[in-house]
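Next comes just one chain, in structure tokens: the form predicted on its own.
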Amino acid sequence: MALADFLITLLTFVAIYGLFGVGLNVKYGFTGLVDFGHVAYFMIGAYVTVVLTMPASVQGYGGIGGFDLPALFGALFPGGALVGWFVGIAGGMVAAALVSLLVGVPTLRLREDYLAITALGIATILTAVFENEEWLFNGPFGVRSVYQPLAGVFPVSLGSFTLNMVVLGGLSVVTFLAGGFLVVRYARDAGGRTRALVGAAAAVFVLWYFVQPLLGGGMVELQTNVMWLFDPTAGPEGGLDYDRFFLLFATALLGAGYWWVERTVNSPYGRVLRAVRDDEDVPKALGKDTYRYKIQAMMVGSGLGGAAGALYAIQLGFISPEQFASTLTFFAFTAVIIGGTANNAGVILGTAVFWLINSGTRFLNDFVPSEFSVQLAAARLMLIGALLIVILYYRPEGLLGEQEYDVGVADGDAPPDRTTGGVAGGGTDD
């Protein structure tokens, strides 16, 4: 696999699991809910979206549906197929949120540790139901007919080979420049140890992605790596293939989820969520119905997990219950802890670090005899565990720590609001 193709696959997984992690962060990072069953909503979102968008009669499928919403909406107006797919995703998110409501009503009054154990048990039960009840979603045989939006449009060509290369290649260079700018800006504001760590990580990436192909005499591979958005084999004139489009699409959905959660946690509503996390008695004393806030946070986080599940189904093209093991929840917790609890950017960074190690170390298979592949897989998990221990030791708040919030007050001491006795610029909760 070329490095550019590996990077596209890696970034697509980061976008999907980043959205999954942002949903978990709403529960755990901002509200303090330890939900070890988060993967259940990932699974529900995937299954419901697939069933709502797949054709009615599929060979080898004996479960509920399909409802073929893209074909239904596509018959009503131009572009309706894409709208029907979005409706399918919305259906998956709503189903995940409703199931979390049913789970949350009896469990969110429990203490943190009891809540974690109960949520894990419920997720295990749901997975067992999906696996054993064939009438529901085809049981252990899974679903192989996964609708891929706009799949028939690709590859997309802008015209001649040169035009495709210039436009898509130029956009690729812009993404590297933008990424480099963000890294330099972050390193400039960081402390000495963090700056050195960021510099070392950037140097490793440059050596691996740019210098290594150059030293190997692979100018074509280097050009492919630099112009990663341009696929010269996509059609007679090259262009944009479906994998690259899906990466952009998944990143856009991650951006939308990120924006939505950022708006929420920086609002008066978000301040109540953080107060529930820090000391639930305080918002209770101020008259807040904390139980209702926890239920709502549970539903929002689960809905985002359901959307991530829908993307996951498209990426793989096949889903079955065994793909939704509880380890995915712990992978997401690991990413949250690595990047920084209660920091959405940190969650995405932590997801990237986790999957870079988990997927990038697979290249070691080329240098290790095949009879040691099982030991190598275990060693990769040990490497992730060791990284987690180091981060918890030196930066217990995560790589980015908890984010700063917009509390409606300018920097520095705000003058008291003499009309209300409060602080000028402060919002009114709820």
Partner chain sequence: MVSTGLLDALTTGLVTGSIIAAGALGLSLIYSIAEVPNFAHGDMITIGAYLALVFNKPAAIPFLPDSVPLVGTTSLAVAGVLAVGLGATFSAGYELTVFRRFRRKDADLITMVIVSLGLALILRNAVLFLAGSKNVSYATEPVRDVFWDAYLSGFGLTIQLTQRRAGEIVTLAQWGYAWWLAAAILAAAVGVGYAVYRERSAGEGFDVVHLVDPRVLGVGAGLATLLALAALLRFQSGVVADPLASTRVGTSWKDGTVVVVTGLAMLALNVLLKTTKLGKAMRATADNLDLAEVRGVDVDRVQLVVWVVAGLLAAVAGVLAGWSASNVNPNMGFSLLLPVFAAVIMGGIRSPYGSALAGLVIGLSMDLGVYFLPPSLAVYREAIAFVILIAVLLVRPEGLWGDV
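For clarity, a rigid core is taken as the largest C-alpha set superposing within 1.5 Å between two forms. Here the structure is a predicted model, which is why all the values come from computation and not from measurement. Residue numbers count along the first chain shown, from 1.
Not pictured, yet referred to below: the form predicted in complex with the partner chain.
Among A252, V184, V206, A128, the residue placing a heavy atom within 4.5 Å of the partner chain in the predicted complex is A128. Site annotation in the predicted complex: the residue of I64, A378, L364, A56 reaching within 4.5 Å of the partner chain with a heavy atom is A378. Residue contact with the partner chain in the predicted complex: I357 places no heavy atom within 4.5 Å of it. At least one heavy atom of I122 is located within 4.5 Å of the partner chain in the predicted complex. In the predicted complex, no heavy atom of T233 sits within 4.5 Å of the partner chain. The partner chain is not shown here, and in the predicted complex it never comes within 4.5 Å of any heavy atom of G60.
Residues placing heavy atoms within 4.5 Å of the partner chain in the predicted complex fall in a single listed stretch, namely 104-112, out of 206-214, 85-93, 104-112, 279-287. Contacts between stretch 33-68 and the partner chain, counted in the predicted complex as any heavy atom lying within 4.5 Å, involve V34, F36, listed in sequence order. After superposition on the rigid core, the Cα atom of F372 is displaced by 2 Å or more between the shown form and the other one.
When the rigid core is held fixed, the Cα atom of F363 travels less than 2 angstroms between the shown form and the other one.
With the core held fixed, the Cα of L69 is displaced between the shown form and the other one by less than 2 Å.
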